[in-house]
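Have a look below at one chain only, the form predicted alone, in C-alpha cells format.
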C-alpha cells in the first residue's frame, strides 16, 4: 500500500525580495521537490543560508512559492482561503520559545490557538489537558511561563501546537537555545509524539546526534536537496558532508578516521555502541 504524503513540494522556487540598494532578489529555494509521508520523522540539515528555514515556512503557509506548488494534506498553501486549514494541519515551533508564548499562565497559552479557531470551550479544556500531559507539562499548567526552564518553555510551545490537533509539527532548530538537559527533554518529547502518537515531525537542526534519531535525513545546499535517505546511508558520506560545511556524529567521525588509517571498519556507524563493537572486532582479528 502506498504511503500517504502529508507535505509535498513540487518544483518549488522562492526568493526573498531585494532590499533597497540591491539589484536582485536573493534566491533561497530553487526547483525544490520533496514528499513527506504521513507519520515520518524527517530531519533537515544544511549550513546557514541553505534554505532550511525557508522550506519550514513554506510548509505552513507563512511563505508561499514564487513558482511550483506546496500542498499540505492535499491543500494548496498558496490559496488565501486555505490558510486556516493548512495551519490546523501543520504547526510550527521556532528556535526561541519566548517568541511563541503569549499568555501569563501555561494552560492559557496552550489554549490560545484553539480559542482563535473558535473551538468549543469544553473541547479546548480537553485539548489543553491532553496536550500538556503529552509533553509532560500537565503539573505546570498553573505556572507562569517566565518561571520555567528553556526546555520546559519549548515543551509548552509544542503543547500549544498539539492543542490545535495538528497532524504535523515543523520544528525550526527548537533546541538551539537550550542547555543539554533542555535539549534532551525536547528530543524525548519529539520522539514520543512521533512514535507513540504518529505525528509527522520535520526537525530542522544543526545537531547531528538529533538527526541520527530520525527516520530520514535530507541535506540541503543552495536551496536544493543534495543527500536524502536513512541516517545510516546519509552520514556515511563523510567527505561530502564536510565539503558542505557540516559535521557528522562523533562515532561516525572516529570510524571514518580509523578506516582511513587502514583499519577494516564499517563506514555506516552512527553511535558509540556500534563504534565500540566494531573496534573490538578489529582488535580480535589483530
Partner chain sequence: MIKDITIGQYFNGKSVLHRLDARMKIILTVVFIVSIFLCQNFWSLGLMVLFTLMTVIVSGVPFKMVLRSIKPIAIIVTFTSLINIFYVRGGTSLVDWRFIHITTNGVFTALFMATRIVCLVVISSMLTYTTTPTMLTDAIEKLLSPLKIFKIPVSTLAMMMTLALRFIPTLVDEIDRITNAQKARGANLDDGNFVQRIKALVPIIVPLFVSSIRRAVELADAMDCRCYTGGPGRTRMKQMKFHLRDFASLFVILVLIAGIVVLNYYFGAVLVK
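This is a predicted model, so every value here is computed, not measured. Residue numbers count along the first chain shown, from 1.
Just so you know, the form predicted together with its partner chain exists too; it's not on screen, but the next bit is about it.
Heavy atoms within 4.5 Å of its partner chain in the predicted complex are found in one stretch of 180-188, 87-95, 67-75, 193-201, which is 87-95. Site annotation in the predicted complex: the residue of 124, 208, 168, 134 reaching within 4.5 Å of its partner chain with a heavy atom is 124.
Among heavy atoms of residue 140, none comes within 4.5 Å of its partner chain in the predicted complex. Within 4.5 Å of some heavy atom of its partner chain in the predicted complex lies at least one heavy atom of residue 107. Among residues of the shown chain, residue 164 is one whose heavy atoms approach its partner chain to within 4.5 Å in the predicted complex. Its partner chain in the predicted complex is approached by residue 101, whose closest heavy atom lies within 4.5 angstroms of it. In the predicted complex, its partner chain lies within 4.5 angstroms of at least one heavy atom of each of the following residues of 115-129: 115, 116, 117, 118, 119, 121, 124, 125, 128, in sequence order.
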